[in-house]
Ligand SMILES: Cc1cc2nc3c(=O)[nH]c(=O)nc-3n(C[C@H](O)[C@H](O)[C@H](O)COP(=O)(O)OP(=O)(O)OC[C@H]3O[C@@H](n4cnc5c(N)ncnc54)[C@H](O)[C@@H]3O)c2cc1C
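Listed next as C-alpha cells is one chain, alone, in the form predicted on its own.
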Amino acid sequence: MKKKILILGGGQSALYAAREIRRNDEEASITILGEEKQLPYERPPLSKDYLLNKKNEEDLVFNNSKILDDKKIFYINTNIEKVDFNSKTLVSNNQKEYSYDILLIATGSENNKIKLDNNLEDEIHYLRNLEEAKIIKKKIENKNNIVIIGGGFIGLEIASSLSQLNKKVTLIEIGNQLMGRIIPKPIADLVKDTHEAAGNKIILNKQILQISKYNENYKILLSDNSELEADFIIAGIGSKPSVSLFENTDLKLDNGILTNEFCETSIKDVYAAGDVSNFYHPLYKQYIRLESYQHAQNHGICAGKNISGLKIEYTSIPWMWSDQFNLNLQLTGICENFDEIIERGKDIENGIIYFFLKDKSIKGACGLGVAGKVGRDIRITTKLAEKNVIVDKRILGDESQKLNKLISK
C-alpha cells in the first residue's frame, strides 16, 4: 500500500520536503495543509523587493499549481485545530479529518506581539507573511513618519526599504546595539552608520513605556521620558515557534519541537522541520533552533529524505543573510563559545569579516560589505567549518591572501 504523508504547514520547509519525498517515492500520497491561501512562497523578499515594488506576488511563488499537480503534490488551504497522534488524524476547524501514515510538522514560527494596556495592539503592524506585507505596502502609501520597533534583521530591512521609498523612519531598539549579540558590535555599528547616513534615525538603549493615539497619529513615550510621534508603527521584536497545537500532547517541546539529527520527533512516524524544530546538530553537539531561508530549505530536504527511508543526518552549517541599502551581511556557523576572534578587512567597500575560532578551527563568521564583496569568503568559511579545518590565523587575517589556501592545507 502506498504511504499517506501529511505535511502540516505551507511554507518553504513543507514544499522542499514534499518535492524531496516525491523525488524518492513516486507512489506516496503527499498533501500539504497550509493556513495561507497562497501556494508556498519566498518570504525574504517581503521586507525588501516586495515592499520596493521590484517583485510582485507571482514572483514569490516557488511552484505554480500545475507543477505541483504534475508532481502529484496537493495543497489544501485549511486551519488544523486538533491533532491526535494515537489515531494519526488531524482535524480542521470545519471538523474535516485528515489521516496519515507519516506526518511532517512544518508550522514555522510566529511574531512576538507588543502588549499594550489600551486598545491599540491591533494597530501595530508586523511583517511575517504575504498578507501582512500587502497591508503594510498599501497603508504606507500615504504615511510619511514611520516608527519601527526592534533592531533585528527584519526591522532593519524594512527600515532600509522604507527609506528608499522616501519615508521618514525612526527605529527603536531596546539593546545597546543593533541585531543583538550574534553580530559583532563593530559590524552592527557600521550598519547603524549606513542607516543614519541615509536619513534613518536609530535609537538604542530605550524601552517603550506607552503608546497613545491622538487624531490619526501616535505618541510613543520612551524610558528617558522623551516622546516620538508617528503616523504608522511596525514592530519586529522576534518570534516564537508555532507549537500551540501540540502543547497538551505527548510531543516533546523545548523552544520548539525537539528533533534528532534525522528530523524525527519523540513520536514515531512524526517528523518536524524548519523554524518550528529545535534540532540536534552533530557537528556542534547541541540543540539549535534556526529561522533562515537556507535552513528552511535544507531541513525540509533532509526531512523528505528521512521520510523516504534514506536515514540522512542533518549536518548543514547555519547560514543567513540580510540586505540593507547597498550592503550585504552574511552569517555562517555559530558565533558563540569561541576562544578568539580574527578580523579580516578594514572597510565595507571591500568587505569586513570576523571569524570566531575555538581550538584553532572556525566555528562561525560574520561578514559585511557592499553587495558581492563577502559572499565568496563566507562560502569558503562554511567549507572550513564543515571540515573542522585547523586554520592558519595569519592567512585568515590577511585580506591580501586568498582563503581557499586554507582548504588545500
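Since the structure is predicted, the reported quantities are computational estimates derived from the model, not experimental observations. Residue positions are given as counts along the sequence shown, with the first one as 1.
Missing here is the form predicted in complex with the ligand; even so, the following discussion is about that form.
Mapping the unseen interface onto this chain, residue 362 falls outside it, with no heavy atom inside 4.5 Å of the ligand in the predicted complex. Contact annotation: residue 304 falls outside 4.5 Å of the ligand in the predicted complex, judged by heavy atom distances. Contact check for residue 263: every heavy atom lies farther than 4.5 Å from the ligand in the predicted complex.
None of the heavy atoms of residue 236 is located within 4.5 Å of the ligand in the predicted complex. Not one of 150, 180 and 211 comes within 4.5 Å of the ligand in the predicted complex, counting any heavy atom. Comment: the ligand is not present in this chain, but in the predicted complex one of 128, 143, 113, 134 has a heavy atom within 4.5 Å of it, namely 128.
Of the listed positions (103, 296, 191, 169), a single one reaches within 4.5 angstroms of the ligand by any non-hydrogen atom in the predicted complex, namely 296. Stretch-level contact analysis of 376-384, 341-349, 27-35, 354-362 against the ligand in the predicted complex, using heavy atoms and a 4.5 Å limit, identifies 27-35.
Heavy atoms closer than or equal to 4.5 Å to the ligand in the predicted complex belong, across 37-57, to the residues 43, 44, 46, 47, 48, ordered by sequence position.
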